[in-house]
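Just the one chain here, laid out as structure tokens, in the form predicted on its own.
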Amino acid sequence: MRHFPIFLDLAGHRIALAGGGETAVSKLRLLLKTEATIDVFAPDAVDDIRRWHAAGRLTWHVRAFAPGDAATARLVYAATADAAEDARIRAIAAAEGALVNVVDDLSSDFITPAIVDRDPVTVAIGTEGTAPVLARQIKAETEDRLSPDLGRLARLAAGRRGEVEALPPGRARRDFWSGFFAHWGPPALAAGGEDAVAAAFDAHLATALSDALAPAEGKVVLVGAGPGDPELLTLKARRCLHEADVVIHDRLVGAGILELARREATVIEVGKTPGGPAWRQDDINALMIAHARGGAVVARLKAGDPLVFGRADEEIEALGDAGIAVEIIPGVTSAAAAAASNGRSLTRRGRNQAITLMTAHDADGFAEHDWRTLAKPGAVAAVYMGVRAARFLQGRLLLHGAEAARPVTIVENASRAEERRVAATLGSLPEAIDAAGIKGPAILFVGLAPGAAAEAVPVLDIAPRTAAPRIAVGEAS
């Protein structure tokens, strides 16, 4: 982040702007929304600036910007549309210690974001100056989403904040304000104006104060974080992250998803590194129980779907035994995401009408399965946690009659920016994994070759018993 977004108090301060044309007008339309005193310096000016000067909204100085004009200014804008003149103005402002913005110059001391104005609610949108069209698009979308009455609600809330401080700090206050802005406040304002909002406020505050006398009841929500792409997170999961007091997450949950948690939330990683240090499941259970008993809403954030090889039953049972309420929010499991990027469905008439979701590991080590059924022609399996067990998997299937030529597709880091697909066969599986350097979380599709994916993701095609791989794009043979 090159430009750090802040909200600068301009009440009672001075802004100096050099320029009298349309470039200056576009900045002044925004600056006139502030409580600053505005001085404009230009030998000539367009009608808008003359009109604003006549109305007393700004002061137009009929001359060029000169030394001393920036001395008391909090901000200076160089908006003459003349590169040489703007550079001269910038030098004067810098010498006098003012922050200066040269319009459309990314080397400026600051840039002005696109703004959605619901005074006193302000949304600032920036793209580091690199994509103003994108900023305007986001602004338009945000304008559509935010009610024109949002500012009125915010002002009404500001006048009664002191009353809400009678509630215990934390979740009780957050829940009250969330209801005010998102649930009962807007319809009350639409139906009966500010008087109706005041009546609803009194009723809901009385209820909240009564509820606050009872001990806070925490709960745990088992949340599926999906395979890694934040856009694959469900709306319900996003809402839970926004509301949770504590987020307890697995190692594979990415930073992009954790960014969606509230800034005030306690975020704890309970990672389990294959072959390395790991949290014990009993300790994770105890951690969830302790926070929930303290009245917290705990989001137990698991990669993929918590109900698919996520040890959800163990956590549900432990929480149930402790008398803790549990909710489950499913997520996109890694096999589904890997199949989507692979461009081939998990089932197809005439090819396979069933698929086995299986893990190569269990609590005792390599997991045993019905290998004879899995080895039959046409059988398809999606193998979780199969990278380190590849040779074991290969041996069991070949021993029970599977052909060495059976196709295998390995999808590493499904849905993430670093995703890769590797084409192999059962006979070349361990060598393919070693040659490709597969380390990250991966799904092994046994019985499925790579498909023609919707996006051209390079497929590393590992020929049987070949150490030197070749790169091919599209469907592997």
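What you see is a predicted model, and the numbers here were worked out from it, not measured in a lab. Numbers for residues come from their place in the sequence shown, where the first is 1.
The following text describes the form predicted in complex with a small molecule, which does not appear among the structures shown.
Met385 is the sole member of Val326, Ala208, Met385, Val164 with a non-hydrogen atom within 4.5 Å of the small molecule in the predicted complex.
This chain lacks the partner; the member of Val308, Ala198, Ile355, Leu150 within 4.5 angstroms of the small molecule in the predicted complex by a non-hydrogen atom is Val308. Using a 4.5 angstroms threshold between heavy atoms, Leu252 counts as touching the small molecule in the predicted complex.
Taking the partner from elsewhere, Ala303 is found to have a heavy atom lying within 4.5 Å of the small molecule in the predicted complex. The closest non-hydrogen atom of Ile49 lies beyond 4.5 Å of the small molecule in the predicted complex. Within this chain, Leu28 is remote from the site of the small molecule in the predicted complex, having no heavy atom within 4.5 Å. Partner contact region in the predicted complex: 435-443, out of 39-47, 421-429, 58-66, 435-443, criterion any non-hydrogen atom within 4.5 Å of the small molecule. Looking at the small molecule in the predicted complex, residues Asn342, Thr409 and Gly447 place no heavy atom within 4.5 Å of it.
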